[in-house]
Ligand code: CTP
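The chain that follows stands alone, in the form predicted on its own, written as structure tokens.
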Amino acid sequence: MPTVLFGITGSIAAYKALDIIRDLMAEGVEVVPILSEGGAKFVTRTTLEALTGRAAMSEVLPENSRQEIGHIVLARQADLLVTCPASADIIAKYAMGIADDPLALIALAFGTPHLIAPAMNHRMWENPATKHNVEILKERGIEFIGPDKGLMACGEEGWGRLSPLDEIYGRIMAELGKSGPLSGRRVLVSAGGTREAIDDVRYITNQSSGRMGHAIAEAARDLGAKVVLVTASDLKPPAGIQVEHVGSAEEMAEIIFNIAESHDAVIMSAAVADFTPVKKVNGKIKKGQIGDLSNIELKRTRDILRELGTKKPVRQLLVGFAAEFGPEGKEEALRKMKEKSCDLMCLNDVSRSDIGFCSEHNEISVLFSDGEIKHLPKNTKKEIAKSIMLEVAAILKKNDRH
């Protein structure tokens, strides 16, 4: 179980840190809260201790301290230090090595890896002193998340607003995953249903939301992989990964074939359209011409998964997805796996309304090229994705030994 030292400073955004802490704990991360002197004026020790189940450090020299020096013990135990939100004051103390505050003391003892998410008025963020301090910390290997541009609590607008919580959470999980079972691996994931344009307004597509593919990319990130997500979905992609947005099957194919060779695993979870209009009409087909839509000439799109199977490098792992109807789907998934040279094929029954397309849940049978089948019972797509990527990690590790 990874341990994160989570520092909170004197910023009006301090309350937002509680949501990040809650999400981290839901993933099994142990969070040790640390309050700067200013942070203790915005968030109470009682709140943090009730949330984390851990004593919150909020004094440099607590009266009831144990014989061992508290900040040194914490520094030895932790995997990561996070400061969120980080005020201009604490950033200055970090840069100068000042340790007159419990959080500054911990930071001096811990070192790196350290993620800092600043939140302050734009005038303070743009001050040359703050800029100088930030550069000093970056040179020491400390990473910054944001800040963003937006409306401040004071009513002014500019750079200095705390980054979105999901981005901060994603960066934390990516950092913790660096020692995971996919550490050092490169994983390429496709997601979403492609859109094949009829004119500049209408298109042919399918019901894929992209949730499964995005969950797989997130799981790969959390297990330590460097991830590229090629997505045709409108969903906000996970933080901490490279994202390539596409529309059509051809756009997806072009990006994937340009980069696939350099990846250890390719996970084709996208629902790529099988057909696309032979000719796209520029502009919008008018209602008076609507009859033209009754006879749209279609052509087959490239079978990206098949082409990947014929071109994949030695040791690259190729994972396909088969969305089938009913119990007959197993034979069709086996056929696709063999025909397209996949190492794994993930079968899900899209005839069910409680899983699959547009659902937050899924239920999948993972078919292996050696004939083994593992059933992943109904669960959130996030948990299903984690199970799939653990299987991928195990196979890659096994292949390394042969």
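Each residue number is its position in the shown sequence, starting from 1. Every value quoted in this text rests on a predicted model; they were computed, and no experiment measured them.
Just so it is clear, the following notes concern the form predicted in complex with the ligand, a form of the same protein that is not shown.
**Q** Please identify, from 272-280, 239-247, 155-163, 137-145, the stretch that has a heavy atom within 4.5 Å of the ligand in the predicted bound form.
**A** Stretch with heavy atoms near the partner: 272-280.
**Q** Quick one: is Lys178 in contact with the ligand in the predicted bound form, heavy atoms, 4.5 Å cut-off?
**A** Close contact is absent here: in the predicted bound form, Lys178 is far from the ligand, nothing within 4.5 Å, heavy atoms only.
**Q** Using a 4.5 Å heavy atom cut-off, state whether His361 contacts the ligand in the predicted bound form.
**A** Although the ligand is absent here, His361 would stay clear of it in the predicted bound form, with no heavy atoms inside 4.5 Å.
**Q** With heavy atoms only and a cut-off of 4.5 Å, decide whether Met268 touches the ligand in the predicted bound form.
**A** Because a heavy atom of Met268 falls inside 4.5 Å of the ligand in the predicted bound form, the answer is yes.
**Q** For Leu115, is any heavy atom within 4.5 Å of the ligand in the predicted bound form, or not?
**A** No, no contact at 4.5 Å.
**Q** Does every residue of Arg195, Arg202 and Ile204 put a non-hydrogen atom within 4.5 angstroms of the ligand in the predicted bound form?
**A** Spot residues vs the ligand: no contact at all.
**Q** Of these, Ile168, Ala322, Val227, Val82, which has a heavy atom no more than 4.5 Å from the ligand in the predicted bound form?
**A** By the 4.5 Å heavy-atom cutoff, the listed residue in contact is Ala322.
**Q** Among the candidate residues Ala232, Leu188, Ala107, Ile304, which is the single one with a non-hydrogen atom no more than 4.5 Å from the ligand in the predicted bound form?
**A** Exactly one listed residue reaches within 4.5 Å, namely Ile304.
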